[in-house]
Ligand SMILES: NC(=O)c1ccc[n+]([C@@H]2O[C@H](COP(=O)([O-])OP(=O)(O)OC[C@H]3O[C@@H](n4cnc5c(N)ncnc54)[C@H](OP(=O)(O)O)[C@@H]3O)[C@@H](O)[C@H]2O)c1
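Just one chain is shown here, as structure tokens, and it is the form predicted on its own.
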């Protein structure tokens, strides 16, 4: 089988790490993960020793043109092409207009929206060479149902439109572009972005959210990884421009439905 090269941004924790781990189970896959934080990279390796030698971790900020260029150069020099890109890197700043500063607003849009645009644009020559590449953008149901962060919700809504536009724009190159829109998933994003004070507060947040999920539980990273890996595969070669909710039913939750 042909060796396939995959890049996952924000791949040192949460959803990105789960996707990287799942992709690495296939021996013919080469999995590359980027993170802005060397500390998070080391944490990932310490907590998942089996990933050593299976996942290539690179330090880089997708919102910075020079970092994107360096990532592209490293992939090009070693592998020459790129079969799959997962734009997963994301940040979250809680609050509405009266709470979120302009600097925080820009930071959210730089990582969550500008980053995927910039990195996809930079890596486009390598994606073209794969002759059937797949781009998966990790968005959120907050893109269609406003959440607790104006900056996060707007950035993810923009990411969904970027997905749809690029699906048409890059389709002639046989590059597929789709979006995964998770609900609340057990990851480190709320703790890493200081949305909650500690693990106890995070556990309470998860517990209080369960009634909004008809399936009756919060998502696990593996739930999202399974869909991402499918969209990256040849099995999904006729799927592009799709915005796929994967949220345990949260987006259609209706508290007027009689309880069971």
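Positions refer to the first chain, counted from 1. Given the structure is predicted, the values throughout are model-derived calculations rather than measurements.
One more form of this protein, predicted in complex with the ligand, exists but is not displayed; see below.
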Answer range among 77-85, 134-142, 98-106, 168-176 for contact with the ligand, defined in the model of the complex as heavy atoms within 4.5 Å: 134-142
Which listed residue (150, 113, 123, 185) meets the criterion of a heavy atom within 4.5 Å of the ligand in the model of the complex? 185
In this chain shown alone, the residue from 129, 72, 94, 190 with a heavy atom within 4.5 Å of the ligand in the model of the complex is 190
Does any part of residue 37 reach within 4.5 Å of the ligand in the model of the complex? Heavy atoms only, please. yes
Can you tell me whether residue 60 touches the ligand? I mean in the model of the complex, with a 4.5 angstroms heavy atom cut-off. yes
Report yes if any heavy atom of residue 13 sits within 4.5 Å of a heavy atom of the ligand in the model of the complex; otherwise report no. yes
Quick one: does residue 162 come within 4.5 Å of the ligand in the model of the complex, counting heavy atoms only? no
